[in-house]
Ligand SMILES: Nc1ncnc2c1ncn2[C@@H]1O[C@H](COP(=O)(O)OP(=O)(O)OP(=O)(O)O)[C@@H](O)[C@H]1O
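Quick heads-up: it's one chain on its own, the form predicted alone, in structure tokens.
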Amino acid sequence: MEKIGINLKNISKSFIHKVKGKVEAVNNVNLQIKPGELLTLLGPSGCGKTTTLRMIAGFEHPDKGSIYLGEEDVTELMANKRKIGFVFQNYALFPHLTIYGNVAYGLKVKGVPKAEERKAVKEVLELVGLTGYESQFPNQISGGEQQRVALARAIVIKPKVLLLDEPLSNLDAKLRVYTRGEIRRLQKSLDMTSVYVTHDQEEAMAISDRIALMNKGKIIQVGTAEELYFKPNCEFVSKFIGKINSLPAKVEEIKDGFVFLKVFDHIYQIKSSSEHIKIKEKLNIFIRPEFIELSKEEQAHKIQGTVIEKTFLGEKVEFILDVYGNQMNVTSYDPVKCQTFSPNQKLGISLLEKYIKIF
């Protein structure tokens, strides 16, 4: 099947809320999804990601803007004419139908001949690892298996686009990790353009080719997991993707594309655009917990902090420290070294200069 892209042009959607009045769920969104890629719409609850997905599917109609599947403008096209597969958050399986009946439902609606139907169902159940489950009913199988039935039902009709609305939210943590890997494997084997919605940043980073991070109805940044993590374009992105520390700083000097910042009486030289920064200005710097080093030595050239909390997680150790009245998160991937660090202990702290961000 030919791969197609998805193009959203200036789409907006508002709703009337009984308490809030008019709510802009999606506000002038532009987004291009490449043929064959898995793009995740990520963001907090109420940011507009599910509404955007439902407009792509045809379940909601945009107030303005256009939606293209490939070269075709489908903005006015009914959902059942768009050739999309949709996996719902609650799976939406028919309890009175067997697994075979659930998976074959879309084929029956399309009037596919019986022999072709049986062949397609057999192939797709094999693809999702449910061979032999044909005569079972949804209440006889686990949540993870139900999720795979929903996925099989969505792809058996050979859609041009696969849309998934928080499909793992009803699974326990361990099964979520396993199943997201299965979805990723399946999507790549089918080479099918897919849009995935989640509020779980780790899930988005693990499964996606690219992520579109949304907030308050707008797309804030689009990029790979690495781009969003290491090169966030604003404070919101830096805080939503992974953990990050916000620490007070003062601008001491601006010279040759560098900003010299005083952080806890230590000077750091940060390469940054200085267009909106003034000398003596007070601002915040941002640094990820893994880019902070701890040591027992409390030399004068090190920042000092007191361990408030230590959490051992096997391959890593997470700390919360009090640093001159500021709370700092630190992650170490050297658990052996950290065995000697304990709560209430004073430690030396080094910020890795090249990973300090200012916005």
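So that there is no doubt, residue numbering starts at 1 and follows the sequence shown. What you see is a predicted model; the values in this text were computed from it and never measured.
This next part talks about the form predicted together with this ligand, which is not shown.
Of the residues given (Gly36, Gly65, Gly70, Gly46), Gly46 alone sits with a heavy atom within 4.5 Å of this ligand in the predicted bound form.
Contact annotation: Lys337 falls outside 4.5 Å of this ligand in the predicted bound form, judged by heavy atom distances. This ligand in the predicted bound form comes within 4.5 Å of no heavy atom belonging to Phe341.
Contact check for Lys346: every heavy atom lies farther than 4.5 Å from this ligand in the predicted bound form. Within this chain, Ile11 is remote from the site of this ligand in the predicted bound form, having no heavy atom within 4.5 Å.
Of the candidate stretches 27 to 35, 314 to 322, 286 to 294, 47 to 55, only 47 to 55 has residues whose heavy atoms lie within 4.5 Å of this ligand in the predicted bound form. Applying a 4.5 Å heavy atom cutoff to this ligand in the predicted bound form picks out Phe15, Ile16, His17, Lys20, Val23, Ala25 from 7 to 34, in order along the sequence.
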